[in-house]
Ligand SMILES: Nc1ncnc2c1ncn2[C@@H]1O[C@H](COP(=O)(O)OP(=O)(O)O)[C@@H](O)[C@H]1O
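Next up: a single chain in structure tokens, the form predicted alone.
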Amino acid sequence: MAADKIRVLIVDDIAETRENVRKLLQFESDIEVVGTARTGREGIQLSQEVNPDVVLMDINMPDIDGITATENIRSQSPHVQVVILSVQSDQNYMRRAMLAGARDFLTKPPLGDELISAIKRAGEMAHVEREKGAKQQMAMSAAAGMTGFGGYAPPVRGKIVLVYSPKGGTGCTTIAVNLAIALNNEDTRSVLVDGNLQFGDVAIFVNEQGKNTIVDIAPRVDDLDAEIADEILIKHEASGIRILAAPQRPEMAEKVSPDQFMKVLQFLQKIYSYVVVDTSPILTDVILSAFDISDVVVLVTTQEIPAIKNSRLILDLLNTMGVGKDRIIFAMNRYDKRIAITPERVGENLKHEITSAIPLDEKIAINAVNRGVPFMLDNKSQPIGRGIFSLAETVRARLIALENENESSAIKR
């Protein structure tokens, strides 16, 4: 069936390469070339117009390089899989490509069988992602009484992503803010909740000082609807995310009970695909209640020994609380290659792999906070931004894996 064909877009500034690849693929009955582009910008535009499953992307182009184009395409259409082609087999190129969200990396000119296999693997993944999106849309259309927020229909049940560090000063809020932006697009909307009820800074990080906070929503949690929530949530126009701010004064934190906080998160799950929760290092009853209902926990550490020691303690505690290892995404922030304490060594020592390393870039990170402009808005192509993109992809992949695992378990029962 034509509908099952893998739709391929070729992006390369050399006409001969585009034609050679097109000719090679025309003999594959299950692959269809739906377009060719000469530049990165043209590739981004054409990707929106022809809706491919797979984009074959040259890494070196005159206007926008393939890595930046990949980030743009993947942020707009997460189901699209990108296969990077490069004349250089440099490991650094390969790592940058993967951080940008590429599915595969091939050296030019690729062997015919190698290229076709890579396209078919990527195409299969794209079809799986499309099918999941279609099922979600059908369920969203069937959901009644929850539309709003600019015509956005709610997902069946959004995912709660808790961002936590047992050590202060590790950049937990920076990660939460930028991760929420990276996860947000037209198909998967995200809301950012400040769970640090005494000294939360999320609103400051995006230069927003809304009058309403979680104190305005918590007492009404049993009578909430989309319209009320829309009035209370801060609308961050630059990124498109919504924000539920912390109370304006520390003593007001007592007005939000753990049960109310948990119900607020569960309500937001009905409206948003991702509910990203920033937290404080102190394990208050409110934060413990969020752990209980979270789908995944992004555990943040740095290369400093106190942060690593505290990570060991919280990993043991989470295990005691029944939070499985598969629900924990271990991330290292401010990773400096010059320091001998590597993610691999920390992962081995704590017996929990660090799957995301966000590079150190104090200048960009500090400027972003002081300006109130998250770096995922104006510096997302920098290494620190690509680190957040990589973390977002890890979160998406882990949530899909957990969902599939739950579905399989339900079928077996």
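The numbering used is simple: start at 1 and walk along the sequence shown. In this text the structure is predicted, and so the values were computed from the model without any measurement.
The following text describes the form predicted in complex with this ligand, which does not appear among the structures shown.
Asks: Which one, 205, 105, 330, 261, lies within 4.5 Å of this ligand in the predicted complex by heavy atoms?
Replies: Selected option: 205.
Asks: Of the residues 64, 350, 369, 31, which one places a heavy atom within 4.5 Å of this ligand in the predicted complex?
Replies: Selected residue: 369.
Asks: Looking at 171-179, 223-231, 303-311, 96-104, which stretch has residues with any non-hydrogen atom within 4.5 Å of this ligand in the predicted complex?
Replies: Stretch 171-179 is the one.
Asks: Using a 4.5 angstroms cut-off on non-hydrogen atoms, would residue 127 count as touching this ligand in the predicted complex?
Replies: No - in the predicted complex, heavy atoms of residue 127 and this ligand never come within 4.5 Å of each other.
Asks: If we define contact as a non-hydrogen atom of the residue within 4.5 angstroms of the partner, is residue 359 a contact of this ligand in the predicted complex?
Replies: Yes.
Asks: Residue 384: heavy atom within 4.5 Å of this ligand in the predicted complex?
Replies: Yes, residue 384 sits close enough to this ligand in the predicted complex that at least one of its heavy atoms falls within 4.5 Å.
Asks: Closest heavy atom of residue 236 to this ligand in the predicted complex, within 4.5 Å or not?
Replies: Although this ligand is absent here, residue 236 would stay clear of it in the predicted complex, with no heavy atoms inside 4.5 Å.
Asks: Thinking of 7, 38 and 57 as one candidate spot, does this ligand come within 4.5 Å of a heavy atom in every one of them in the predicted complex?
Replies: No residue of the spot touches this ligand in the predicted complex.
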